[in-house]
Structure formats: C-alpha cells, structure tokens
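A single chain, nothing else alongside it, follows as structure tokens in the form predicted on its own.
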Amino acid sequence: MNTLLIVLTVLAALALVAALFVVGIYNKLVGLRNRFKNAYAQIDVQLKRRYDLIPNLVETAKGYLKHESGTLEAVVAARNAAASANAGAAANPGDPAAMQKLASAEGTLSGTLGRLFALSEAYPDLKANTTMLSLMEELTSTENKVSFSRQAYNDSVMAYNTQREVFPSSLIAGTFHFTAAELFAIEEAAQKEAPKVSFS
C-alpha cells in the first residue's frame, strides 16, 4: 500500500512537471506570435501614413504634370492596391499569401513612385514647390520608418519561426496549430530601395 502511494505520487509529480513544461512552451509561442503581430502593427502605422501622403503628393503634382495623367493614375492605382493588400496582411500578420501580396503591391507602388519622382525632375516649377518639397521629405522619412519597422517585424517572425521549429517546441506547435509566419520580404532588387527623392 505504501509503495503504491509512492508510485502514484511520483507519477502525479511527473504529470505535473510535464504539464508545466507544455504550458511553458505554449505560452512562449503565444508571446512570440503576439510580438510579431505587434511588430506588424508598427509597419501598418507607417504604411498608412505613407498611403495618406501619396494623394497629397499626387494632387500637388497634378497641376504641373497635366500631360502626365497616366503616371499620376498609376501612382493612385498602385497606392490603392497596396492599401488593400495591407488591410489583408493586417488582418492576419504572418499569413504567407497576404504577406506575399503585400510585398508585391508595395514593390509596384515603389516603382510607380520612382517614375513619378523621375518625371518630376523635368519640371523646375514642381521641383521648387514648397508643398511638394515638404511632402517628399515626409515621404522619405516614412520610407525609412517602414524599413526599420519591416526589420523589427522580420526579426520577430524569425524568432517565432525558430521557436516553433525546434524540438520539443515543434511538438507543441504542431499540436496547437502554431503555423509558420511569413517574412515581409521584397523580392526584386530594384524594389528593395526606397524611392530616391532629390530636388537639388
């Protein structure tokens, strides 16, 4: 009887240790997932700021670039597509399809903004416009903040993905459906650079 009590106590203690171990890993995975979601929220803030600046930029340029309406329309369309892709990614940060769609839309937007900036170089009055200069400066600052936020997000995703892939966390991650998160990466080398803004 005494031996049975000892065996039951040891088994109960082992079960408690195993349960605490599983809870610890589960909580760590939840914390890492929340960290990368928060990091994406920082990107979201900067991207929304960027999307808010673009219509003002287009409106300012519109008066000077009357014969370049195709470029202006392309910028607006790319901005709207990127904002829509961002809304999808914000709903589920880390979702591979949403992040790839966002990276593609952001690459297109950067390309069209680059064309707008290159085109604006040919218009001296536009280059000298103080509103345009101010908007360009704000956009450049926002681009830098997006880059820093993207790096923080990718670091958080890497930590989360690493934790969910190592043993024994991989067992807990699989059991509780902790899926892999996608990095926010821009594939084309030309799209990796922020648009160059220079009115000198």
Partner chain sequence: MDFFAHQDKARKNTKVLVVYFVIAIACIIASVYIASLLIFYGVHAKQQPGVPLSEFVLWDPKLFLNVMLGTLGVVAIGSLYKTAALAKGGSAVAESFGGRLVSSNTTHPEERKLRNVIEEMAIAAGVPVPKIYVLDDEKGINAFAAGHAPGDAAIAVTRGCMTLLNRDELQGVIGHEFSHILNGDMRLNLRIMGVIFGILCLAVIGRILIYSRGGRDRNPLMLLGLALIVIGAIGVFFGRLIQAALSRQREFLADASSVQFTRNPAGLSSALQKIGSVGSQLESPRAGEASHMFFGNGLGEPFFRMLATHPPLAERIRAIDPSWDGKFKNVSGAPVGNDASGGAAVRHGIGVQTQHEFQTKE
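Keep in mind it's a predicted model, so treat the numbers as computed, not measured. Numbering follows the first chain given and starts at 1.
Keep in mind the form predicted together with the partner chain is missing from the figure; the text below concerns it.
The partner chain is not drawn, but in the predicted bound form it has no heavy atom within 4.5 Å of N56. For D44, no non-hydrogen atom is located within 4.5 Å of the partner chain in the predicted bound form, even though that partner is not displayed. Taking the partner from elsewhere, T60 is found to have every heavy atom lying beyond 4.5 Å of the partner chain in the predicted bound form. Put simply, T140 is close to the partner chain in the predicted bound form: some heavy atom of it is within 4.5 Å. Heavy atoms within 4.5 Å of the partner chain in the predicted bound form map, among the stretches 169 to 177, 27 to 35, 148 to 156, 66 to 74, onto 148 to 156 alone. Residues of 53 to 75 are not found to place any heavy atom within 4.5 Å of the partner chain in the predicted bound form.
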